[in-house]
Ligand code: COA
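Single chain ahead, written as structure tokens, the form predicted on its own.
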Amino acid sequence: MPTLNTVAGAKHARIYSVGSYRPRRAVTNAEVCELIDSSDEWIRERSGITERRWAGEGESVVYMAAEAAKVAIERAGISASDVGLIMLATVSHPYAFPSAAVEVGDLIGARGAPAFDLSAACAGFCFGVGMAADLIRGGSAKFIVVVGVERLTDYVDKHDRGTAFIFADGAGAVVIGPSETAGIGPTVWGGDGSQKDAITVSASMTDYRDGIVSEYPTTVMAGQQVFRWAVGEMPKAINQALEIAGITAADLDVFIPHQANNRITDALVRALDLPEKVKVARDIITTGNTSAASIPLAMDAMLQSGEAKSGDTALLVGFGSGLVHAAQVVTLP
């Protein structure tokens, strides 16, 4: 039996840069309330959201992802030809195939780079970060672009009082590459398919095609069920991520949870007893819930505003439809 060769990878991996794309159109609560029986006060109280971004003409999943990736690549100081893999987290690309990722590769000039989409909803970006770090240490690629992107408004009933005000659109991307020191901690992740109906779509596309349902499938969510799960289970995953990374909450500089709902973020901060010095992402206030895009969007916003800085120790946690979750500690680029 022959002995097979293996490839040695980098000792560690880190995030080199982050880039983002926010759709041009900002939508206020007042505009959302023209289609649902609600108010600005109620939306702010329930979610913290004051406005969100909705994609318009020309702002497809592929376009937004490519724009965010271009920024990340430029900030990383590498060229598109250096990209060894593109991983794109989304649940809203409207084509079953080809992948959005392979189209992004063409648009950014990384032709020939392997590329694939992954579907882990709001945890998709953290799934991608964890896999990218492992692939780099395993020698499968040197530089990997991980994108989180959504155009959720294509799958939201704008007359649904329970979801119309929450979901939004956008893209965020990071470049991950080799490092002499650890810049990405181990990923704590999991899934619970028994709760698949907590956040899902109203019907399958084949049911719609075959006339079994007459209305185009849109997002449905059991809000209270998701809230209880997030505030009950995510502190456990977060504490595991801290422990396996070898740090405590006191060592953190920044906390960037999935921007699902400000009330969930508040509950997580209380459950973790985070020190006051820890900066907490609140990008949802002006961006809404962008699922897989929310963490890199929030990361970029904090770095660009100066609220967070390069070298800070940050805790990331994504959670959502599946139900799935993933958390890791990273060093900010």
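Just so you know, these numbers come straight off a predicted model, no measurement behind them. We number the residues from 1 along the sequence you see.
This next part talks about the form predicted together with ligand COA, which is not shown.
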item	value
Contact label in the predicted bound form: Ile199 to ligand COA, heavy atom within 4.5 Å	yes
Partner contact for Val104 in the predicted bound form: ligand COA, 4.5 angstroms, heavy atom	no
Non-hydrogen atom contact Phe165 with ligand COA in the predicted bound form at 4.5 angstroms	yes
Asn261, heavy atom within 4.5 angstroms of ligand COA in the predicted bound form	yes
Which of 108-116, 89-97, 215-223, 129-137 sits within 4.5 Å of ligand COA in the predicted bound form, heavy atom basis	215-223
Complete contact of Trp42, Asn289 and Phe319 with ligand COA in the predicted bound form (any heavy atom, 4.5 Å)	yes
Proximity to ligand COA in the predicted bound form, single hit among Ile36, Val278, Val27, Ala308 (heavy atom within 4.5 Å)	Ile36
In the predicted bound form, residues of 116-134 near ligand COA [heavy atom within 4.5 Å]	Cys122
